[in-house]
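Okay, so here's just one chain, in structure tokens, the form predicted on its own.
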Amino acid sequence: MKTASNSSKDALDKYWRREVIRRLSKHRSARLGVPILLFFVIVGVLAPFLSPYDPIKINLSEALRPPSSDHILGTDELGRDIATRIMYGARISMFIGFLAVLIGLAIGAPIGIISGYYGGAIDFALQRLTDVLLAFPGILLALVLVATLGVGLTNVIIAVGISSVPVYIRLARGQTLYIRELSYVEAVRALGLRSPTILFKHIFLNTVDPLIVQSTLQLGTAILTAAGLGFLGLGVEPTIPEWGTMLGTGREYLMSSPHVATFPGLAIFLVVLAFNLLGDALRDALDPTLAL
């Protein structure tokens, strides 16, 4: 049977969840970002039903056709329908983004929390390693990793994920340094609660909100980094309809057939913008000091 304190806590949690949803629904950035994301998610999921064309099949007789009633966004240099490839590419680009962010979060957050909680030699060693990773810009670190691991979807996800690890380490560590000095953490420590329990229940769970906000923003960065690798020819295999690879191929036809590069580039721009808008909205919605 629940105690009165547990019931009060549950009621407070439910109220705060409703308040966050209310804030998000009223935030102008969320109103703009969420529909864009929903659009690309829907067209990605329903791509086989929305387009009669094969995203991979080559038809040279239809190569470099401008936008028309048959091909609303035109065709590429191999006669493939660009709208179809963009729809299928939404799956690939978002898949890369979500998995890469998950890797960065799963590795970086625990390291940052452990570093900030224990301090001392552990903190020093982990932060010097983080400094080394931060010395490389994200795209450069991803380039080095892909060059080492090789080209391919799995390696791109790993490379982009690892390049985001130091961001999560620093964020989680900063939050932990603040939380560990709060009175309730000192109280449970004095009561003899074990460190793993403190780390999870009283520190990690209180860093979830900033980690969610950072992950939303990081999704846009991950998609942009993956697209950059594809643009440079170090992304997924050329046959896979990934937006960065499409953009890299289309640059050769900018003067004669600009639509080949324009539409994949516009898709990247819109999705990255949408994630940034959603991240800003979440940051404001999760801040109880702001009146929205």
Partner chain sequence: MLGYILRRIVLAIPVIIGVTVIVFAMVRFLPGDPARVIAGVAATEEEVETIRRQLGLDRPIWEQYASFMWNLIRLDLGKSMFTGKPVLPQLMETMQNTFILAVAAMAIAIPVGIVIGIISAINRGKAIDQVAIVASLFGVSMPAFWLGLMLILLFAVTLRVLPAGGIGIPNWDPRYVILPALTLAAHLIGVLARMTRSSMLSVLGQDYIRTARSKGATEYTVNYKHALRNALLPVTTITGLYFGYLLSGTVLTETVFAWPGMGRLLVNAISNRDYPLIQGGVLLFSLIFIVVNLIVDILYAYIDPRIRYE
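Quantities reported herein were computed from a predicted structural model and do not represent experimental measurements. Numbering follows the first chain given and starts at 1.
The same protein also has a form predicted together with the partner chain, omitted here; what follows describes it.
Undergrad: Since exactly one of 153, 143, 94, 177 fits, which has a heavy atom within 4.5 Å of the partner chain in the model of the complex?
TA: When the partner chain is considered in the model of the complex, the option within 4.5 Å is 143.
Undergrad: Find the only residue in 158, 134, 126, 102 having a heavy atom within 4.5 Å of the partner chain in the model of the complex.
TA: If I apply the 4.5 Å criterion carefully, the residue I get is 134.
Undergrad: Which is the contacting stretch out of 219 to 227, 66 to 74, 50 to 58, 37 to 45, given heavy atoms within 4.5 Å of the partner chain in the model of the complex?
TA: Only one stretch qualifies here: 219 to 227.
Undergrad: Does the partner chain, in the model of the complex, lie within 4.5 angstroms of each residue among 262, 273 and 276, using heavy atoms as the measure?
TA: Yes, the whole trio is in contact, each within 4.5 Å by some heavy atom.
Undergrad: Would you please decide whether residue 282 lies within 4.5 angstroms of the partner chain in the model of the complex, comparing each non-hydrogen atom pair?
TA: Looking in the model of the complex, residue contacts with the partner chain do not include residue 282, since no heavy atom lies within 4.5 Å.
Undergrad: Is it the case that residue 149, even though its partner is missing from this view, gets within 4.5 Å of the partner chain in the model of the complex, heavy atoms only?
TA: Yes - in the model of the complex, heavy atoms of residue 149 and the partner chain come within 4.5 Å of each other.
Undergrad: Answer yes if any heavy atom of residue 139 is within 4.5 Å of a heavy atom of the partner chain in the model of the complex; otherwise answer no.
TA: Residue 139: contacts the partner chain in the model of the complex.
Undergrad: So in the model of the complex, does residue 258 come within 4.5 Å of the partner chain, heavy atom to heavy atom?
TA: Flag for residue 258 set to yes.
Undergrad: Any residue of 239 to 257 with a heavy atom within 4.5 Å of the partner chain in the model of the complex counts; write them all down in order.
TA: Residues within 4.5 Å: 247, 251, 254, 255.
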